[in-house]
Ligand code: GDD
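We begin with a single chain expressed as structure tokens, specifically the form predicted alone.
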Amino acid sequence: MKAVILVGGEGTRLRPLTCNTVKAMVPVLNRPFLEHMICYLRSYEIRDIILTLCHLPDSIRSYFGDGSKFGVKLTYIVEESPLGTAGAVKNAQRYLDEPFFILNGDIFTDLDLGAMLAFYKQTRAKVSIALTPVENPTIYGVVETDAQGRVRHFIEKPAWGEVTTNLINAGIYLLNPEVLSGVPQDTHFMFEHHLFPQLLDKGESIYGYSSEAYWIDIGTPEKYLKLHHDLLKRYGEGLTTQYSIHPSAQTEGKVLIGSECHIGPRVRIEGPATLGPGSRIEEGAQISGAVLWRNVQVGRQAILENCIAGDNCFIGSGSFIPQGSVLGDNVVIESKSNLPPSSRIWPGTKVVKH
């Protein structure tokens, strides 16, 4: 089978992490997010993958090439301007001659694609939509189905009084390519708002495939950080081997340390935490639950708690980066002078360059 991954978005909700890095290339456990998606598809023997691109396409092309390095064949379709979810797939229609998967490019899941395909064949649907339960369906697109799973209604971001189910559109579809005839060429067009409701109005069969599998939308820094924590706790990536760590340094829990990192004396790292390649953690620093990208420098006695730091950040000695903080690339934070080791005072730090 073939699959289409929609990776054309700018990732505005992930800013400042996506100011210089396209959303599909943000690192997850020190590998681009899109690489995880490609490996996921390959695990189901889906090796013919089409990437629909728009924003900063060259960074994706230069990393993945023709896909052979990753055991797949990649085809790139570049939009001159954003075409929406359905418009982007319409743009790739010439490559699609049999039922195929579509995946939104900001979803991480271990949903069973084989079981979803079997359900699709069993129902003889024109469209199957993966559904996942969430605690707060009001911020997503709710999909109401009957007892057999046939879709009855789509409700985008309903008020609580309109909520009849906690099942939402999980951003994974199985499509018969003939339904693309209802998508206009070179037009911004959405599956959720346009094509699927139109198909329902025509009486076409759309089924929802419900799953309790792990699912997360990494569109915000909070969800991006949570994904790291979940994956480290769940799969225990453990420590890599190409780094330098002082004998007095301590790690606790699941910690992933990238290649060519330097961990100084009396450093303490509490997992789940990820250190990107080339990062340097100086004497007495404390890191808890943080995600650091490449070449991040953490000064003496600095404290980082459940935060994110982009490429090439410099965090001065004695600084405190509190929970929920997100530093974009190349942020420099001044050192705190005369800071006692136990201090947790934030006002001594200052962003002097971004």
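In this text, all values refer to a predicted model and were calculated from it rather than measured experimentally. Residues carry their position along the shown sequence, with the first being 1.
The same protein also has a form predicted together with the ligand, omitted here; what follows describes it.
Only one of L83, A125, L256, L225 lies close to the ligand in the model of the complex, with a heavy atom inside 4.5 Å, and it is L83. Of the residues R150, K202, H246, K157, just one reaches the ligand in the model of the complex with a heavy atom at 4.5 Å or closer; this is K157.
Although the partner is absent here, L195 is not a contact residue: none of its heavy atoms lies within 4.5 angstroms of the ligand in the model of the complex.
Remark: G105 counts among the residues lining the ligand in the model of the complex, judged by a heavy atom distance of 4.5 Å or less. Taking non-hydrogen atoms only, A88 approaches the ligand to within 4.5 angstroms in the model of the complex. Contact annotation for I168: at least one heavy atom lies within 4.5 Å of the ligand in the model of the complex.
Proximity to the ligand in the model of the complex, taken as heavy atoms within 4.5 Å, picks out 140-148 from the listed stretches 114-122, 175-183, 257-265, 140-148. Residues of 207-232 placing a heavy atom within 4.5 Å of the ligand in the model of the complex, in sequence order: W215, D217.
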